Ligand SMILES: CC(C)(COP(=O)(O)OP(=O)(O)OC[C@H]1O[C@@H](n2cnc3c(N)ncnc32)[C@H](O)[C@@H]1OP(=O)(O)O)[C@@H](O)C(=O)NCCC(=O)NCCS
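The chain that follows stands alone, in the form predicted on its own, written as C-alpha cells.
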C-alpha cells in the first residue's frame, strides 16, 4: 500500500487507462462493456472535470482510474442545483478487493470538495459506497429520473447541510449514453476478448 501515488491523467496515459477500464468492467454488468468508450468520449465534453481525472500508480504501474463530471439536481421549484458525479472508477482486476478502490474514491471525493462540489451522486452498490458516506438518494429528497424508487441511486454530501430542503430529480449527464455500434467499432482497437452472458449482469 505504501508505494502508490495518485496523479492527474495525461494524454500519454489515455490508451493504457482505456484498456484498464475495459479490463475492469468486461462482462461485469453486460456481455463486454461500454465504460472504456464512455471515458474516451467524455474527455472532450465541457462537463468533464479535468482536475478530477485521476490515475493511481503502484510501483510505476497504472492500476486505477476515476473520472468526474459536472451534473445537477433539478429542484421541484425549478432551480438547478449544481453537483458532481463520477465514474467509471476502475481498479485492475488483479488488484481488486485490496482497498485500492476505496483509497482512490476517498481521495477523489476530498478533491471534489476542494473544487466546491457540495454533493456527489452515483449509481452503485450501497455496500461499497455506503462506507464512504453515500446514502440511498431518495431518502434525501433526490429522485433518479429513470427510476424514482431506485435503491441503487446514491448521494453523498461533501458540504454538510447541502441537501437540506432539497427535493428534486437527477438525470445522468448525456455523455454516459453512447451508441453501442460506435462502441463495437472502438473496441476493435483493443485485444480480442470474449463477451459472456453471466449471472448477475444487469443488461
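Not measured: the values here are computed from a predicted model. Numbering follows the first chain given and starts at 1.
Keep in mind that the form predicted together with this ligand is missing from the display, and what follows is about it.
- Taking non-hydrogen atoms only, residue 96 approaches this ligand to within 4.5 angstroms in the predicted bound form.
- In the predicted bound form, none of the heavy atoms of residue 107 sits within 4.5 Å of a heavy atom of this ligand.
- Taking the partner from the other structure, this ligand in the predicted bound form has a heavy atom within 4.5 Å of a heavy atom of residue 29.
- Looking at residue 79, you'd find every heavy atom of it more than 4.5 angstroms from this ligand in the predicted bound form.
- Using a 4.5 Å cut-off to this ligand in the predicted bound form, not one of 7, 55 and 120 places a heavy atom inside that distance.
- In the predicted bound form, just one residue of 130-145 lies within 4.5 Å of this ligand by at least one heavy atom: 131.
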